[in-house]
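First, one chain by itself: the form predicted on its own, in structure tokens.
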């Protein structure tokens, strides 16, 4: 039995090392091939950075529009998905009966397994319907892409919120109720703050999925070149689509290197968003502890 336990420990350690090595290999490969292209010219092209940031001049040969489009897309998708996902997770954990919970759990599990191309086709169908219904006023755009991505990541936020709430000990659930708090007060002031770690894990997973997905946005509004999105109903650029476009149609080594550079920028954006999510979680947890 002792030998078997040691074998399991060593195998688990080996799997962890292999996984870490694979991740470092991918990141190292990107930096080796894309490091030479990194610089302000990759992002802003020939446009002065301050003029681009202040929207005084357009950027034609840089990734700034794609960066702005990616950030806008992720922010909008998370704004749609987080309130709905948390509300659905709270309902499943605190209010739903056994039969309804079983049905909804199955539904969200099926949603989590949907291929992104299917969600993209659904978003495209919605765009076509709205275009016909409003006589061409609405077409594939940033708004529809963000809503399609929100639908794609909604199951992750819902299930992580549900599991985080259901994983709290009975003592945490009953303390506020025994002191006279209502059920809603108990959820808002006690249960949700104490389960923020698990909830934020789902949000982080959703941020990563929104930032990297290409299939959904290809069918719902992204284009190769359009500039910074001017409104929710306009076309936009995005880093994932740029990487796909360049890797499929590059004409020389410099264009391919810019694709690797775009991948590095996308990784950095995801890292910044993850750190921001962790900082928000830490701040909310601190204020919740301070109020308690």
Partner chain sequence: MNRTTEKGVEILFFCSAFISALLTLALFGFMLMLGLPLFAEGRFFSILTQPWAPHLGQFGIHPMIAGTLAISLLSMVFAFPLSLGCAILITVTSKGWVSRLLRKAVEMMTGIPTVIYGFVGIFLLVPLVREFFDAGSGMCVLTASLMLTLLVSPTMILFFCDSFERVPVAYGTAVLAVGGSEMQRFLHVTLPHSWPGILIGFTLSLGRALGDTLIALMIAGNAVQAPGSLLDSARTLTAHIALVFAADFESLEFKAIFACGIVLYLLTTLLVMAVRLLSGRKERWTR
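Whichever C-alpha set is largest while still superposing within 1.5 Å between the two forms counts as the rigid core. Residue numbers count along the first chain shown, from 1. Please read all numbers here as calculations on a predicted model, not as lab measurements.
Omitted from view is the form predicted in complex with the partner chain, to which the following refers.
Interface residue remark: residue 277 is not counted as part of the site for the partner chain in the predicted bound form, having no heavy atom within 4.5 Å. Interface membership of residue 182, defined by any non-hydrogen atom within 4.5 Å of the partner chain in the predicted bound form, is confirmed. Using a 4.5 angstroms limit between non-hydrogen atoms, residue 26 touches the partner chain in the predicted bound form. In the predicted bound form, none of the heavy atoms of residue 43 sits within 4.5 Å of a heavy atom of the partner chain. Only one of 79, 168, 104, 71 lies close to the partner chain in the predicted bound form, with a heavy atom inside 4.5 Å, and it is 104. Although the partner chain is omitted here, in the predicted bound form all of 12, 15 and 87 have a heavy atom within 4.5 Å of it. Only one segment in the set 55 to 63, 223 to 231, 263 to 271, 35 to 43 has any non-hydrogen atom within 4.5 angstroms of the partner chain in the predicted bound form, and it is 263 to 271. Contacts to the partner chain in the predicted bound form (heavy atom within 4.5 Å) from stretch 247 to 265: 247, 250, 256, 259, 260, 263. For residue 27, the Cα coordinates differ by 2 angstroms or more between the shown form and the other one after the core has been superposed.
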